[in-house]
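Next up is one chain by itself, shown in structure tokens, the form predicted on its own.
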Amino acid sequence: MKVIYPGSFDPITNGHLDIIERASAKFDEVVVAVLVNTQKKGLFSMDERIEMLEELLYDYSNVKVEKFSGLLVDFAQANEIDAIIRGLRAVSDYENELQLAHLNRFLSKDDNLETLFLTASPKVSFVSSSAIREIAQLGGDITGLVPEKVAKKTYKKYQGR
């Protein structure tokens, strides 16, 4: 089974890595799809996010990193994806993710694009990219919430501002 794990990954967190690692153990192929969102100005450029992901996921032979824009269902169908993987950290995530899952299934041509939810491991269930950005911007410690290389790059971004 070929699955897709979409997101902005700005920056990638240990929570994202937890979901990717667990998905790669369960599925034949995992496509980590980095969303091109022209409505948002990210902390990291698309190239920087892809470079970080590829560096961190190098040892996973069944994981590849791609960028995409437009509708996720179109990308999924063009790449013969069987299901979407989404991580759930809390009950509040479920409501939004359930709505997106129904929407994506409706938009898929065969009405068969499933969304599979993986609950976050308790040790990373409170981690989000937006929280990481805010903590780092305010000079807080993000060690243990993101990989060490990502932490260094994140701090460097804020020092240059």
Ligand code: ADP
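Residue numbers run from 1 along the displayed sequence. The shown structure was predicted, so the numbers you read here are calculated from the model rather than taken from an experiment.
Although it is not shown, the form predicted together with adenosine-5'-diphosphate (ADP) is what the next lines describe.
Three-residue candidate spot 9, 19 and 93; every residue lies within 4.5 angstroms of adenosine-5'-diphosphate (ADP) in the model of the complex by at least one non-hydrogen atom. Only one segment in the set 103-111, 50-58, 121-129, 23-31 has any non-hydrogen atom within 4.5 angstroms of adenosine-5'-diphosphate (ADP) in the model of the complex, and it is 121-129. Looking at residue 97, you'd find a heavy atom of it within 4.5 angstroms of adenosine-5'-diphosphate (ADP) in the model of the complex.
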